[in-house]
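Single chain ahead, by itself, as structure tokens, in the form predicted on its own.
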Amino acid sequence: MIKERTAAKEAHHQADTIILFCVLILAGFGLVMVFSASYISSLEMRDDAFFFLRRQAFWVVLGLVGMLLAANFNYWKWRRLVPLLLAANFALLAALRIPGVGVEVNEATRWISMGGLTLQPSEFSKLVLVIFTAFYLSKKNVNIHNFWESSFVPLAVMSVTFLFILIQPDLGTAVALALITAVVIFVAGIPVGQLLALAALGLPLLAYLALSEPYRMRRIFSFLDPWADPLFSGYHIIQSLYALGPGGLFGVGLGRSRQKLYYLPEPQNDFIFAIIGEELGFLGALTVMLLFFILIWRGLIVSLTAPDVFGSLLAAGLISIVAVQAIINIGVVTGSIPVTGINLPFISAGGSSLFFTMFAMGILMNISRYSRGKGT
């Protein structure tokens, strides 16, 4: 313990600049694409073509401030804040159920109104669960081979958070949270037998949840055959593919998307990758995926070279927040998985998601300052 604390107190070198540049490029590109995807509908519906651009710019600046603060805050200190973070997590999730506090949009209560701004507690939950799971599994007295002494507690905390998010309802975010937690547990060295047992229990539960609500069933069936109901349950997937198809290799040109003209709903949010594919083509979409790949690769390097177990698990969890969301979002847009409400990190229009993801990257950069060896 003393050795780990000593290693975490003295920075070896500057933060990973590749992570920084990837985040800056993706966030900057997100500003361009949010404006391109939203300016026409924003002008007609809000009489302000720059509404979404200004809001996105505000959260990018706020995210940059949070990222810089996190990058200069010794990651070891997050261990001391775990009880406070858990309390804040459950307090915010519970506050959603208080009348007048939770904000309902499209029959879902996922946001809290705070002085003109809205906060989505589930985005905070991802960060908290990663920190808690890394903290718990890095304790010296934890026997990772004993399920009840190791994985059970993080999974129990995750399950309670999962239920809070599920009743909002938001199955997509709840599943993303479970996957992110599973990544940290896997990196911690959970035995293969335990991992298979958890998968055997989790997959039937996921299938039940996916089929227990009519609207979720429609999403599953529309994924299998969107043309069976092209004007309702299959509409999003079809319009997304209509955007990607005409994009070709080089795209139709920045700002010249047709699908954003009231064909593809909310093109600046969950389906912004489809607009990227339409306007900038396969090469533009490939460039975005390459940036995510580089960012994830650097995150894994930080995890592998962290000076202690806590830093290694924390880095793996933080980069999995980006990886899981990017994979799910791109999978949905390309028709590879059923539709969920997961946005594209750094690029989709948003507030809480953008801020907490950038904040997470700040913590990751702080861990990189203490990495072992050079050339990492």
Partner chain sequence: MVRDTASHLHIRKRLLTLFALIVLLMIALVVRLGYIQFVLADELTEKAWDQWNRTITARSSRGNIYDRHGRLMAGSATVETVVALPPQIEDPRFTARALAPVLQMSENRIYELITQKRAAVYVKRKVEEEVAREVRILNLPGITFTQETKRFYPNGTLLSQLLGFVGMDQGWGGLEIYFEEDLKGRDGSIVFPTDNLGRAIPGTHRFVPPKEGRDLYLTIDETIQFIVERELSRAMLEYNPNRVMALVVNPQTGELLAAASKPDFNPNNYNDYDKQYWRLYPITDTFEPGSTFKLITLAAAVEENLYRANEGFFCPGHATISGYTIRCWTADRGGHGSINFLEAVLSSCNPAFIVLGERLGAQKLFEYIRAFGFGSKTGIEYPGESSGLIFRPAQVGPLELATTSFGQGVSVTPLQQVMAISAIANGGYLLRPRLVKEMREADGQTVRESQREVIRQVISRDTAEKVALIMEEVVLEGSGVNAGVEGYRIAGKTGTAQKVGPGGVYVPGEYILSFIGFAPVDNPQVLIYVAVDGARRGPQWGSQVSAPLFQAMMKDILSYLEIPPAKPIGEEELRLVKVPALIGLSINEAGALLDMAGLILKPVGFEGMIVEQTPKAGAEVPLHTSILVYLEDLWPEGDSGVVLMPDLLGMTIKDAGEVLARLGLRMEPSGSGIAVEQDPAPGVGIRKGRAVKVSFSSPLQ
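It should be emphasised that the depicted structure is a prediction, and the values quoted were computed from it without experimental measurement. Residue numbers count along the first chain shown, from 1.
Separately, the form predicted in complex with its partner chain exists; it is not shown, and the next lines address it.
- The shortest heavy atom separation between Glu104 and its partner chain in the predicted bound form exceeds 4.5 Å.
- Its partner chain is not shown here, and in the predicted bound form it never comes within 4.5 Å of any heavy atom of Asn72.
- Put simply, Ser312 is close to its partner chain in the predicted bound form: some heavy atom of it is within 4.5 Å.
- None of the heavy atoms of Leu117 is located within 4.5 Å of its partner chain in the predicted bound form.
- Note on the interface: of 122-130, 153-161, 240-248, 199-207, the segment with non-hydrogen atoms within 4.5 angstroms of its partner chain in the predicted bound form is 240-248.
- The contact residue chosen from Ile327, Ala57, Val32, Leu64 relative to its partner chain in the predicted bound form is Ile327, the criterion being a non-hydrogen atom within 4.5 angstroms.
- Checked against its partner chain in the predicted bound form, the candidates Leu85, Ile112, Leu171, Met289 yield a single residue with a heavy atom inside 4.5 Å, and that residue is Met289.
- Here the marked residues Tyr262, Ser303 and Ala323 all reach its partner chain in the predicted bound form, each with a heavy atom within 4.5 angstroms.
- Annotation for 188-212: interface residues with its partner chain in the predicted bound form are Ala188, Gly189, Ile190, Pro191, Val192, Leu195 [heavy atom within 4.5 Å].
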